[in-house]
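Take a look at this one chain, the form predicted alone, written out in C-alpha cells.
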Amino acid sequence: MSGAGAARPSVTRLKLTGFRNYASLDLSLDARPVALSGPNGAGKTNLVEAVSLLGPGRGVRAAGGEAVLRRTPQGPDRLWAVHAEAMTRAGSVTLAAGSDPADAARRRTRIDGAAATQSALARIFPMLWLTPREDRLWAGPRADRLRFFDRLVLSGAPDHAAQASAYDKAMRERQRLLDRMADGARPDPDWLTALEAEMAARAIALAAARLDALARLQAEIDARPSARFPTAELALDGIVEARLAGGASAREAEDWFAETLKSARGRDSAAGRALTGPHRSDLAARHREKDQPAADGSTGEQKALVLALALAQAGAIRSQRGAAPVLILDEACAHLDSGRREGLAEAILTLEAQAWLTGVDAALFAPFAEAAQHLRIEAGAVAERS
C-alpha cells in the first residue's frame, strides 16, 4: 500500500502545543494507518484525543478546554493548540483547534483559518472513533448507545449535529416554561406551541437521518459479511422513527409529534423533563450467528460487534462519498484474539482509511506490517518510529 495514498481524509502533519502531557510536538505523516504503542500514561490516548478535536463533536474524552491544558509543577499552561495539515477529498486544508484567548474553557476550531461549524467539519473531514467506554456498549445505558449511533449518523450526514443542537435548545426552552407551569405560573401557550413545532420539525429530521443511516449500515453489513467479526442485526427503538418507518410522511409525522408534545405538557411538567421524543430512542443489536441479543455476549464479542459496526459504517461512507472517514480506535485490539486483530488490520487496509490505533504492545499491530506507520510514545514524545 502506497504511503502517499489517494486523496482521502488523513492528517499529514500534526502539531501540538501545551496539550495534555505534550509540551510540543511536530509530526509528519502519510495517509497510512498510525499505530501508537507505549506504556500506560505515555500519552497515546492524549495524542488521538488531539486528532479527534479536529473533527466534529467534543472529542474522544468530551473534555472541556481547561481539562486539556498541559500541567506543570508551576501550574497549567495558559493556552493549548492542535494544528494539522490534512488531506480531504477536496484537496489539502489546514485544521486547527485550541483555546479561546478570551475564555480558556472554550474551544475554537478553524478550517483554513476561518471559524468552522460542526457541520462543516463533518462534511470536509469525517471521523469515527471508538474508546474503551464502548466495550460494554450493549449492556450499558441507553443514552450511551444513542450517542454512539448519532456519531455514526453524523459521519455520513453532516447536518445531523446542527439538527440535534436545535432540537435540544427548543426542548430546554420548552421545559423552562413547563417548570414555571409546575410552580403555578401560566406560560404563553402560543410560545409553547411554537417551541413544540420547532421540536417536531427537528425531531423528524433527526429520525429520518437515523433511519437512512441504519438502512445504509445494515446494507453494508449484509453485503460484506466478515468471517472475523460477528454479524449485527440492527433496529431503532423510538416512537418518531417508528412513525416514519410505518409509512407516515414527514409532514404527517411532524404534525403528529407536535400534537403529542402538546398533550404531554402536564406530564412533562410534573416529570421535569420531556419523556417522549428522539432523545429517548435506543439502538438495538443482535448477534446474527448466535441469534442472541448483543448484551448477552462476552466482553470480547460485544467489543467485536461494536468494531464491526464502526468498520461497516466506514465502508458505507466510502461507498456514499468516495472515501472512508478517519478512524480513531483507542485500545481497539484489547480483548481481541489474533484472528480478529488480523481481521481488523485487513478491514482497515481494504477501506484505505487512515486509522489511529493505540496499544501498550507494538506486537498488537504486527498484522499491519509496513502498511502502517508505527510510533512508540514515551513521556509525551515520539521515542521511535518505523
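This structure is a prediction, so every number in the text was calculated from the model and none was measured. Numbering starts at 1 and runs along the sequence shown.
Not pictured, yet referred to below: the form predicted together with a small molecule.
With the small molecule omitted here, the record of contacts in the predicted bound form names 39 to 47 of 349 to 357, 39 to 47, 314 to 322, 334 to 342, defined by a heavy atom within 4.5 Å. Shown alone here, Ala63 lies farther than 4.5 Å from the small molecule in the predicted bound form, counting heavy atoms only. Using a 4.5 Å cutoff between non-hydrogen atoms, Asn21 counts as a contact of the small molecule in the predicted bound form. When contacts are judged by a 4.5 Å heavy atom cut-off, Arg71 counts as touching the small molecule in the predicted bound form.
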